[in-house]
Ligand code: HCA
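As a starting point, one isolated chain is supplied in structure tokens, in the form predicted on its own.
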Amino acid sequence: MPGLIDSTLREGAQTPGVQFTLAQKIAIAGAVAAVGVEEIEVGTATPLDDDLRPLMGALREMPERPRLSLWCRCRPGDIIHAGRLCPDILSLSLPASERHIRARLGKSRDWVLARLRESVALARDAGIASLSLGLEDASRAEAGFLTELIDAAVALGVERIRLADTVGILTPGGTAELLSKVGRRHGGTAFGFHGHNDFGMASANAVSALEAGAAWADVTVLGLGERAGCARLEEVAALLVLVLGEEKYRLDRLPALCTLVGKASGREIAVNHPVVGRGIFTCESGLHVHGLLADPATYEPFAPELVNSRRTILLGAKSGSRAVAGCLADLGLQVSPDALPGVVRHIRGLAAKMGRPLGNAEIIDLV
């Protein structure tokens, strides 16, 4: 079964202007674990991060904790430091595209392959049993070299290959094609996907990768991350459970998790934010209200109670007779069938004049 890797504490913490305290990191990890996410990427393995050692210690005390991983550059000092922290899995990172290998680092493909071999050997010597290899900018890598890198990593016993769409250029179809190609060549290897949201495709691409055979997809709460961010944990987890039938995540815990991360990161959650927005189960349109009153599933993909929310029907400039009659009944107001059309006209007119739906007190006064 596919799983999720939450990278809020690593990739999400790279969001410009975001600086989590140690207490916030511990609280966020606990809330992520409560949702049922299988792995938490705790941070970047570097001696410069003073929080990492106490954070790893605190997270190991979590009951039924998820697997704890660290992201690591292929630098000897960082790998040795990671070994001292004893993560469950270490995610080494190397560039896969010419743009990153030559333009950014001024190196060659041979250098990348040599660094891969050296880093894996050093990690083994440091006592790290489980290794992942993240291939940066894999979506723009030359196909032959990408295959060569994966072949080398698999031969070295790397447990997981994580393909990164570093600048978010893939579509769901392109993501599926990439995962299908590598999966056909290395059927026994676990692949992961790390997608960015530069064109709004990150969550869709993460799901597409899982459907195409990836074992893991990276996510962050609220999609935090560099530039436009990453795949959103709340979106991917909800779709896996409610559409694809993977009944292993506690969706009712998502609103509290997102509120926690929103406050810690200084990000306001939009009222129409998928899954956890406070307004996504609010309806005013007459056509939609008619359907909801007849059968909520006509215009709701899932019941609001599943994400600890509730349905709200507003009376405003777009309301129809059925919505008005239902709301009046809820307020204990009796209106004859002959009078109802006039009440509807008055409600719509007043709401249009005020530029907003009406509150209960205003409806009572009007009636």
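The model shown is predicted, which means the values in this text are computed figures rather than measured ones. Numbers for residues come from their place in the sequence shown, where the first is 1.
Keep in mind the form predicted together with this ligand is missing from the figure; the text below concerns it.
J.: Quick one: of Y249, F191, F281, W71, which gets a non-hydrogen atom within 4.5 angstroms of this ligand in the model of the complex?
T.: Looking at Y249, F191, F281, W71 one by one, just W71 meets the 4.5 Å heavy-atom criterion.
J.: Which of these residues, I79, A238, A164, L131, gets a heavy atom within 4.5 Å of this ligand in the model of the complex?
T.: Among I79, A238, A164, L131, a heavy atom within 4.5 Å of this ligand in the model of the complex occurs only for A164.
J.: In the model of the complex, is there a heavy atom of this ligand that lies within 4.5 Å of any heavy atom of R232, even though the partner is absent here?
T.: Looking in the model of the complex, residue contacts with this ligand do not include R232, since no heavy atom lies within 4.5 Å.
J.: Would you classify R10 as touching this ligand in the model of the complex, given a 4.5 Å non-hydrogen atom cut-off?
T.: Heavy-atom contact with this ligand at 4.5 Å: present for R10.
J.: I'd like to know whether Q14 contacts this ligand in the model of the complex, with contact meaning heavy atoms within 4.5 angstroms.
T.: Result yes; Q14 sits at the interface with this ligand in the model of the complex.
J.: In the model of the complex, does T171 come within 4.5 Å of this ligand, counting heavy atoms only?
T.: Taking the distances in the model of the complex, the answer for T171 is no, it never comes within 4.5 Å of this ligand.
J.: Tell me which stretch of 272-280, 251-259, 192-200, 146-154 has a heavy atom within 4.5 angstroms of this ligand in the model of the complex.
T.: So the stretch in question is 192-200.
J.: Of 80-114, which residues get within 4.5 Å of this ligand in the model of the complex if you count heavy atoms?
T.: Residue within 4.5 Å: S93, and no other.
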